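As structure tokens, one chain now follows by itself in the form predicted on its own.
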Amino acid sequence: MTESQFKAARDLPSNHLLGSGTAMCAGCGGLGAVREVYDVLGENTIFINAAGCMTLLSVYPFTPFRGSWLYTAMASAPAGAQGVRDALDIRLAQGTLTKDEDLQVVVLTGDGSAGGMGLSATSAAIDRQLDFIYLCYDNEGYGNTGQQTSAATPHGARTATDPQAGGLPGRKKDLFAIWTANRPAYAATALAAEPLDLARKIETARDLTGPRLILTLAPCPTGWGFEPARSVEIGRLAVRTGIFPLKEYIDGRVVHNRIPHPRLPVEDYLKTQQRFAHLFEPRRDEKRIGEIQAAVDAYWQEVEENNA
């Protein structure tokens, strides 16, 4: 950032849109989701930010967050949220904080924390019925340290720690299923590329109490290997190919908000990203592409059978 840009960022009004003047990557799908969350929840929000990409938003002594912000270690955000929520509840009971001044407690975390280091603390928070929103921006890797493999890295993708010929041999952990198995108040998948769907789900979560998950796919230009201008296109392709289902868990059942029809072949999505380039060049890897397509087909076949 140049000196003039720094001064401009410093002088921004407090209600300026989140993300302006920060050092985040252009085209970041996670940042787009966080901006929309703020637009819906407003300034009476405190983000408990687990170490990750979004930590880079706040560089002392400045922050682009319009509300409150607390930084925690990668595995500790739900525990931090518990302390904040308890403190707010005590002040409400004492009458030193009004309902209008109360804050919505939001854990902000990447997939590395959500599906790995912070999973135990998250499970415990759900068990305690902590009243919080858990916002995960899923860029399918440890994005701010060089895109190493995380529990959310998809089958066949190459990362800094899985450079082998066929990409990652494992499968992506289903964080949505883990949450719904614990019977939270609400859970939903969303992405910034589908803003109306995302806004509705944030509004739904806002008006409920208890543990609530918003799991957003976060296309990552630097980690996935694509031009930043294609971020929205790639997000929409993830939905249209069926790789990323839009769904929500409410009142004890899972509802799919969009059934992609006709469903595009998965390679339309894979070909847009350098992390899957080895599946097509120098020779087409029919086996690995077929495995990815078969997994998506099996998922949607099960959805159709359950809805029959």
Ligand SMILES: Cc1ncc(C[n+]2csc(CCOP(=O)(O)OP(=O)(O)O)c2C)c(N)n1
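What you are looking at is a predicted structure, and each value in this text was computed from that prediction instead of being measured. So that there is no doubt, residue numbering starts at 1 and follows the sequence shown.
As for the form predicted together with the ligand, it is not shown, yet the points below apply to it.
A.B. asks: Tell me which stretch of 172-180, 103-111, 203-211, 82-90 has a heavy atom within 4.5 angstroms of the ligand in the predicted complex.
C.D. replies: The contacting stretch here is 103-111.
A.B. asks: Which of T145, Q129, S120, T161 has a heavy atom within 4.5 Å of the ligand in the predicted complex?
C.D. replies: Flagged contact: T145.
A.B. asks: Of L168, A185, I234, M74, which residue is found within 4.5 angstroms of the ligand in the predicted complex when only non-hydrogen atoms are counted?
C.D. replies: None of the other options qualify; the answer is M74.
A.B. asks: If you check in the predicted complex, is G52 within 4.5 Å of the ligand, heavy atoms only?
C.D. replies: Yes, G52 sits close enough to the ligand in the predicted complex that at least one of its heavy atoms falls within 4.5 Å.
A.B. asks: Determine the residues of 239-256 with a heavy atom within 4.5 Å of the ligand in the predicted complex and present them in sequence order; the list may be empty.
C.D. replies: Result: empty, none.
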